[in-house]
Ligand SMILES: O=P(O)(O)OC[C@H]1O[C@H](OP(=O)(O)OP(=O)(O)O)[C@H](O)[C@@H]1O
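Below you'll find only one chain, the form predicted alone, shown as structure tokens.
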């Protein structure tokens, strides 16, 4: 880890601690993190940065648990099981915290491209792409008028509906490494199409990540396609 990477990790840990501090006293924050209240005060107020080992622990363990709890509090399910995660996908500052935690937790290799599906996956994709300094690409259910060449993937769903996604062919180059992300994974159909698009583009998949997994079907479906890490911030059964 070079000096810039260490500084970025330390700042990410401070951002996680500041988020936690919004609803806690320093003593309560100490109980959550296991760190002395005095040290936490100095970190949160910017007087000193945590060491890299402590910062990594905050981001990977404390950060994931805290963000998962916050995510659960913000997500709502209706009587038919549909998910309302608008309070998450519209909060870019929250998603900017998710990116380093996901990267640290699931050990995703730094990709050339972060690939997602329009539209709800775009804000998460932007956060992940910014963190990795990667290009953002998003597949859509319709073709862009001015684009001539597309990578196209389609699938007929159990309901009989045909689902098709299109990505401009120039968005992914052969040999690129691609991280597939989305806000939600349930059946895994969207992720399967995104993975197919990446593979059609002769790219190498470095991982699959979702904010929310509903059940295990979608995660298992993704794991059947790629040997790369597959993970979600939180899972609802």
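Values in this document were obtained by computation on a predicted structure and should not be read as measured data. Positions refer to the first chain, counted from 1.
Missing here is the form predicted in complex with the ligand; even so, the following discussion is about that form.
A.B. asks: Would you check whether the ligand, in the predicted complex, lies within 4.5 angstroms of a non-hydrogen atom from each of 118, 165 and 184?
C.D. replies: Every residue of the spot touches the ligand in the predicted complex.
A.B. asks: Using a 4.5 Å heavy atom cut-off, which of 176 to 184, 28 to 36, 48 to 56, 62 to 70 contacts the ligand in the predicted complex?
C.D. replies: Stretch 176 to 184 is the one.
A.B. asks: Hey, in the predicted complex, is residue 141 touching the ligand, heavy atoms inside 4.5 Å?
C.D. replies: Yes, residue 141 sits close enough to the ligand in the predicted complex that at least one of its heavy atoms falls within 4.5 Å.
A.B. asks: Find out whether any non-hydrogen atom of residue 190 is located within 4.5 angstroms of the ligand in the predicted complex, and reply yes or no.
C.D. replies: Although the ligand is absent here, residue 190 would touch it in the predicted complex, with heavy atoms inside 4.5 Å.
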